[in-house]
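A single chain, nothing else alongside it, follows as C-alpha cells in the form predicted on its own.
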C-alpha cells in the first residue's frame, strides 16, 4: 500500500511540474493580473509558446537579482510592447503593448516573471 501511495504521489508531482504553472513562484496578485491580461496567451512558465518562457526571461535578466533599472525597463517593454530581443526564439513576433497598465502594475508583473 505504501509503495502504491508513493508512486501516485510521485506521478502527481511530476504532472504538476510539467503543467507549466503548478509551482510558479511569485506574488499571486501579480499572476492574477497577468492572467486577466493576455500574458499566458503567448507565454508559459516552463516552455516557449509564441514568446519565450517566463523561466527563460528570468534567466536572461538574472531573476530575483535583477536591478531596479532592469525591472523598470522590462515593465516599459510590457506597457509599450516591442520586438527584437528574442527574435531567435520568436521569429520576430512582436509583443503586444499593454498601455492600460501602470508602471507599478507592470513592474509587479515583471517581478513575478523574474521569480520563475
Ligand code: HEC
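Residue numbers count along the first chain shown, from 1. This structure is a prediction, so every number in the text was calculated from the model and none was measured.
Quick note: we don't show the form predicted together with the named molecule, though the next part is all about it.
Can you tell me if residue 42 lies within 4.5 angstroms of the named molecule in the predicted bound form, counting non-hydrogen atoms only? Yes, contact at 4.5 Å.
Taking the named molecule as it sits in the predicted bound form, is residue 25 near enough to touch it, meaning that at least one heavy atom pair lies within 4.5 angstroms? No, residue 25 is distant from the partner.
Could you tell me if residue 66 has a non-hydrogen atom within 4.5 Å of the named molecule in the predicted bound form? Residue 66: no, not in contact with the named molecule in the predicted bound form.
Taking the shortest heavy atom distance, is residue 47 within 4.5 Å of the named molecule in the predicted bound form? Outside the cut-off, so no.
Can you tell me which residues in 55-86 come within 4.5 angstroms of the named molecule in the predicted bound form, by heavy atoms? 57, 61, 74, 77, 78, 82, 83, 84, 85, 86, in sequence order.
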